[in-house]
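The chain that follows stands alone, in the form predicted alone, written as structure tokens.
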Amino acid sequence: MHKTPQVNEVNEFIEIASDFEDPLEVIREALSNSYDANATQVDINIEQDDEGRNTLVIKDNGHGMDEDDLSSFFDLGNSNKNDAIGYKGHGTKIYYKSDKVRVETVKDGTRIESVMNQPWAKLNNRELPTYSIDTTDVDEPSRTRIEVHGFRAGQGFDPKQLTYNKIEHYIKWKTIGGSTAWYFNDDFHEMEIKVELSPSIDDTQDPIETDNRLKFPAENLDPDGEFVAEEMCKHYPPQELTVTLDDSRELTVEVVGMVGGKEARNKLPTYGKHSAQFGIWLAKDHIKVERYNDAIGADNEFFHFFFIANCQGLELSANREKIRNKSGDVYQAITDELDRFMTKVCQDSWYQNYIERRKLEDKKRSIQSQESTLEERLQRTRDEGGLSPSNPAEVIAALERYSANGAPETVRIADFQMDDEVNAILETDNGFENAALHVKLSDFFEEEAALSHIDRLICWKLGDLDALTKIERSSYLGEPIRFDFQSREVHYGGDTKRTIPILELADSVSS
């Protein structure tokens, strides 16, 4: 006896629809369907309610749908497309995450209006939603209008992020709006795209008006100037690479791209994190899917490159976010051929010159920065009337200058440990001494460091005299203390008094 595996249709619809979370994915699906319908104009309007749910209206002038096409639109895995973008019939199921789907379409003189009410609520109530069909003969050109009311975005979607800028970048990066098909002239037809948001979503600019061509920044092979590498840009014209599999099947990989500096790359439309958009992209239907930066090797930085390698042999996950046939021979053959192609690009004399020029200019910038930093430091020293240490290392340098310039005694640093209370050991004419070395004497006492093992206090300046006098009026670590600023001494202790000399360097070194 043989049994046929059963499919829980409700679960399948929920699973497929749940793969899509973002209303931007509705736009992606709509543009793909319109392109497959040979539309030359697509208008998308988006409104948003107080709960962040979107209502999207998509209109195109494509060839419209008949009843069979409409069945494919609503059915799961029943697309009547063969090699078109939406051949799986999964994408339109994103519309099910809504309160209502209404379709109005005209094809060959027949107008069909279809409504599906509460698809998402019914699915989650374990019920398959149904749709109505009303047919009328009309004398109208073909067209389709799809309304998706109350779309449920995923939890990760923030309605505030739905702005014109984000949508425009998304269209150019993740949809047929950013197609590279026009470079290859294969069944490509241009499509004008217009997206309008309600003022409550974004009133900062006019509606988006764009097309379905991804264009590279203008070539700039050898610009004049001292620092021009960031503006340099070279196009690598479209090429068709033939891949032969072990079973003699042949695949075509269509590659087009550019190499360019930062200024050139900034002219590309990007979606999401700008720096993460560059590299070598694998694409299907000329829509980018995943990066394959291994093709340029570890010696080259991916962000200089922007290449799209399109192959219809790639198979995608239901939401088109991932390539699912990576373990097969098709993916291996495609990437092997792409490795060879990109190796040639990396060996190209122009690319090598660009990289060398960029390194040279980076060095020049570094030198200029150092010169600028040096000049700024010198100016600051002049403004402050000479050397003005701001850290212990500069105090040590001042101490060396003090000893070298006719001081009454020689005082050198024998050892210095930044975090020790007795942080310096001095070598003097009378032997070694323990010392505390600070930019300001008052800093030492603010830290309440012990004086018991300190033979000398070294500072650039005394610092906050009021703070020191306040310590003097009370006590320091339970013992009386007196600062003799005139003779530069600290007198400390009760029964056993100690006198600790202060070496203040500012006046001695500056003079």
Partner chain sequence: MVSFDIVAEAGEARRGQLRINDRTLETPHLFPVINFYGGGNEGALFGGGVHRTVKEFLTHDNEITGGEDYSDLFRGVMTSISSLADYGIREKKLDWYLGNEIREWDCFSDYNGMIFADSGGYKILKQGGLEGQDFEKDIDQDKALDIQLALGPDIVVNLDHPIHPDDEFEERIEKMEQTAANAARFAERRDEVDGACYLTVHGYYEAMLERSFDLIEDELSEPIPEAFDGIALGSLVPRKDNVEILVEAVSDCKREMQQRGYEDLPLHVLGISGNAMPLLVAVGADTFDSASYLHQAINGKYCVNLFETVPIDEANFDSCECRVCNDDFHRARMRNEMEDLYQKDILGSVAAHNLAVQQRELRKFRQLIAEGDKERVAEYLEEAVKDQKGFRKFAYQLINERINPYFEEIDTTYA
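Rigid core (definition): largest C-alpha set, two forms, superposition within 1.5 Å. Numbering follows the first chain given and starts at 1. Predicted model, so just to flag it, every value in this text is computed and none were measured.
If you look for the form predicted in complex with its partner chain, you will not find it shown, but the lines that follow are about it.
- For the marked spot (Lys166, Arg401 and Pro408), a heavy atom within 4.5 Å of its partner chain in the predicted bound form is absent from each of the three residues.
- Contact annotation for Asp68: none of its heavy atoms lies within 4.5 Å of its partner chain in the predicted bound form.
- A residue is said to contact a partner when one of its heavy atoms sits within 4.5 Å of a partner heavy atom; Gly463 meets this definition for its partner chain in the predicted bound form.
- Contact check for His235: a heavy atom falls within 4.5 Å of its partner chain in the predicted bound form.
- Residue contact with its partner chain in the predicted bound form: Ser248 places no heavy atom within 4.5 Å of it.
- Contact annotation: its partner chain lies within 4.5 Å of heavy atoms from the stretch 344 to 352 in the predicted bound form, the single such stretch among 344 to 352, 168 to 176, 260 to 268, 320 to 328.
- Put simply, of Tyr183, Phe74, Trp120, Phe278 only one has a heavy atom within 4.5 Å of its partner chain in the predicted bound form, and it is Tyr183.
- Taking Ser452, Thr469, Ser475, Gln41 one by one, only a single residue has any non-hydrogen atom within 4.5 Å of its partner chain in the predicted bound form, and it is Thr469.
- Annotation for 292 to 310: the only interface residue with its partner chain in the predicted bound form is Asp299 [heavy atom within 4.5 Å].
- With a cut-off of 2 Å and the rigid core superposed, His304 has a Cα displacement that falls short of the cut-off between this form and the one not shown.
- After superposition on the rigid core, the Cα of Val103 moves by less than 2 Å between this form and the one not shown.
- After superposing the rigid core, the Cα of Lys288 is displaced by less than 2 Å between this form and the one not shown.
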